[in-house]
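Presented below, as C-alpha cells, is a lone chain in the form predicted on its own.
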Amino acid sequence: MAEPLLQARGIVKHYGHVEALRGADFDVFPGEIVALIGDNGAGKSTLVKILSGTEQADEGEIILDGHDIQVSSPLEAQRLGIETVYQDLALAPDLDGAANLYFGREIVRRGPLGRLGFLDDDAMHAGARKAFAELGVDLQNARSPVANLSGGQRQSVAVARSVAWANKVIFLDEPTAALGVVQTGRVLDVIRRIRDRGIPVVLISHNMPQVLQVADRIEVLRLGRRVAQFDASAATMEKLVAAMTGGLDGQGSAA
C-alpha cells in the first residue's frame, strides 16, 4: 500500500481546560478523496485548522512527503502546497472570478507598467478561463462580480482557486452546505475532477449520504481521537453512526 502523503500523529490541542484533540491521528493518501467525519465537538475543525496553519498543536507531529514539517501559518501551508476552502469561502464579492482566483497572487504587466504596479488583466482572465474549464466550472459571465453568482458557482470559484495553487492537498470544509441538489451535484463533480488530477481532497462533512457517494475512504474522529477508518465501498450509514457515537471505539480500522 502507498505511503500517506500527509500524516498527523498524536495531535493534542487545548483551549484552556478544554482538550479539543487528545492524540488525534489522520492520514491522506495520494489521489484520493478522504472524508473526515465526526459529531459536533469531535475535533474535526480543530484538526483541519492545525493542518492548514490557522492553529498550532500543543503536541504531535505533521509529516508531509515523509518529512516532519511545521505549518506555522496559512501562508506556510500554501507554500507547502496545502490549500483550504472554508465554509465562508473568503471570496471578495465585488471582484470577478479571475480576480478572486489570483487574489494575492496577481500577475503584473511586463515592462514599465508592471514596475508601476499595473496588473495584466487579460493574462489573469485567460488563466482563470483555463482553470475553470479544466474543472468544468461554467460561468456565463466571467467578468461578473462573484456576488452576482449562485451559491454553487461561488463555491466552485473558491475550489478552483485552491486547485490553481495546491500541489499537495486540498481541504474542503462543508463545501455543499446550503446548496441545492443541482448545485451540490456540480460541486461534487468538481471534487472528483480534482481527485482525478492526482490531488488528494479532504472532505469535512456532516452529510453522510454525500460522504458515501463521493469519498474513497473515511476517517472518523470522536472526542478528539481517530476511532475508525473505512474503505468507503465497505462502509454503511450504520457503521459510520456507530463509529461517531462510540460503537466502534478502540477497534482502530473498521474497513
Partner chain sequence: MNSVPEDMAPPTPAVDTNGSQAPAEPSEGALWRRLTKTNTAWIFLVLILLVAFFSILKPNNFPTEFNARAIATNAAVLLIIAVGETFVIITGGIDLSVGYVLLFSGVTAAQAMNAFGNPTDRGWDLILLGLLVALVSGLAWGTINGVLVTKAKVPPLIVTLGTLGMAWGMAQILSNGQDIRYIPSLLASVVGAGRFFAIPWLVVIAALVAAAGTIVLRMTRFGRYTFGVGSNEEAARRAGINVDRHLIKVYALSGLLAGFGGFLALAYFTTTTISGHANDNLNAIAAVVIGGTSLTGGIGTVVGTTIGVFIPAILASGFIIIGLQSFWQNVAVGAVLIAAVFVDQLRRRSPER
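Just so it is clear, the structure is predicted and the values come from calculations on it, not from any experiment. Positions refer to the first chain, counted from 1.
Omitted here: the form predicted in complex with the partner chain. The next part is about that form.
K.L.:
Would you kindly say which of R193, R222, R217, R186 lies with a heavy atom within 4.5 Å of the partner chain in the predicted bound form?
P.N.:
Of the listed residues, the single hit is R186.
K.L.:
Out of A177, A133, A126, L95, which one falls within 4.5 Å of the partner chain in the predicted bound form, going by heavy atoms?
P.N.:
Checking each option against the partner chain in the predicted bound form, the one that comes within 4.5 Å is L95.
K.L.:
On the criterion of a non-hydrogen atom at 4.5 angstroms or closer, are Y86, Q153 and V182 all touching the partner chain in the predicted bound form?
P.N.:
Yes, because Y86, Q153 and V182 each have a heavy atom that approaches the partner chain to within 4.5 Å in the predicted bound form.
K.L.:
Test of understanding: in the predicted bound form, would L91 fall inside 4.5 Å of the partner chain by heavy atoms?
P.N.:
Yes.
K.L.:
So, in the predicted bound form, is R79 in contact with the partner chain at a 4.5 angstroms heavy atom limit?
P.N.:
Result no; R79 lies far from the partner chain in the predicted bound form.
K.L.:
R109 near the partner chain in the predicted bound form, any heavy atom under 4.5 Å?
P.N.:
Taking the distances in the predicted bound form, the answer for R109 is yes, it comes within 4.5 Å of the partner chain.
K.L.:
My question is simply whether Q213 lines the interface with the partner chain in the predicted bound form - judged by any non-hydrogen atom within 4.5 Å.
P.N.:
Output for Q213 is no: heavy atoms all beyond 4.5 Å of the partner chain.
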